[in-house]
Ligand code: XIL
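Quick setup: one chain, the form predicted on its own, written in structure tokens, and binding and motion questions come after.
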């Protein structure tokens, strides 16, 4: 069975079971309001959310459809989960998300094609465990990107092609990942070229966190500018938006949007959440309290409200430069920030899937005439 027929069959099956499940599990579930985030922001930019397959049924699915018009796979399209062994692809989870997006006429972002984390070890090793050559790694990367992008080219409008290639340390430019150690910086351009060849219509992003840190921002700008000048098909920069109640400032956020858009690139906020624990955070770096409290205190609530309001005030100011804002997870029932001995509350919907006060701060604005 060829790839196109395979995905059509998978999507048909997924749609059937999704419709069956939703008819059973969402009985009695009511939309939160007649309008969702996507409706309040229809004149500004799409509002997306990162999901796992388990969220596509029951009350989560009602909330998703009511509030959002764009989806991102939280993990299902990453290299490790989707391509665990050289000659084996696992399509089920990603197919179910593509089917849900198609059924509900939602945009679909692909996340992601090349990342230092969740990259399977076989990509860099021979059968005996030795490190492979640059040529082998690049061919494997090309095969992976070509296969995945081709499978979803009729569903995914844009991809996070390369994720987090810049190091956080001021003295180091590129992250010393296995990709970089074997291929040098060449893997970045090649990944974009492979993705563009597979789907010339797709919008291709470089995606990273701490993009508001002045020194890291400048390194990302330098890299992206170099790619653009070399004719590499890069179309946008994703600001991950793993932020906290005291970081970043509005000034630094504006500087980042202005700087990257000055290159003629789209800018998107790709992974938005606001940790209630103070301190800079992003990617794998989370700093803050080390206690085990699980209370969402009034102080946390107010700080988060202020930060969310400020962020969206800035976002609306740049509606001609921002082409999307995506939240990283649906509600406080689950967040990748949970754990480390504490519960986090980083999203606009609480553990009961109800809108928090910060939600109303985000949607109650006066549109400029």
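Quantities reported herein were computed from a predicted structural model and do not represent experimental measurements. Numbering follows the first chain given and starts at 1.
Below, we turn to the form predicted in complex with this ligand, even though it does not appear here.
The partner is absent here, but in the predicted bound form a heavy atom of 163, alone among 163, 210, 244, 256, sits within 4.5 Å of this ligand.
Shown without its partner, this chain lists 173, 115, 221, 124 as candidates; in the predicted bound form, only 115 has a non-hydrogen atom within 4.5 angstroms of this ligand. Contact with this ligand in the predicted bound form, defined as any heavy atom within 4.5 Å, is confined among 140 to 148, 175 to 183, 227 to 235, 115 to 123 to 115 to 123.
Within this chain, residue 111 lines the site of this ligand in the predicted bound form, having a heavy atom no more than 4.5 Å away. Though the partner is left out of this view, residue 334 does reach within 4.5 Å of this ligand in the predicted bound form, counting heavy atoms only. This ligand is not drawn, but in the predicted bound form it has no heavy atom within 4.5 Å of residue 83. A residue is said to contact a partner when one of its heavy atoms sits within 4.5 Å of a partner heavy atom; residue 75 meets this definition for this ligand in the predicted bound form.
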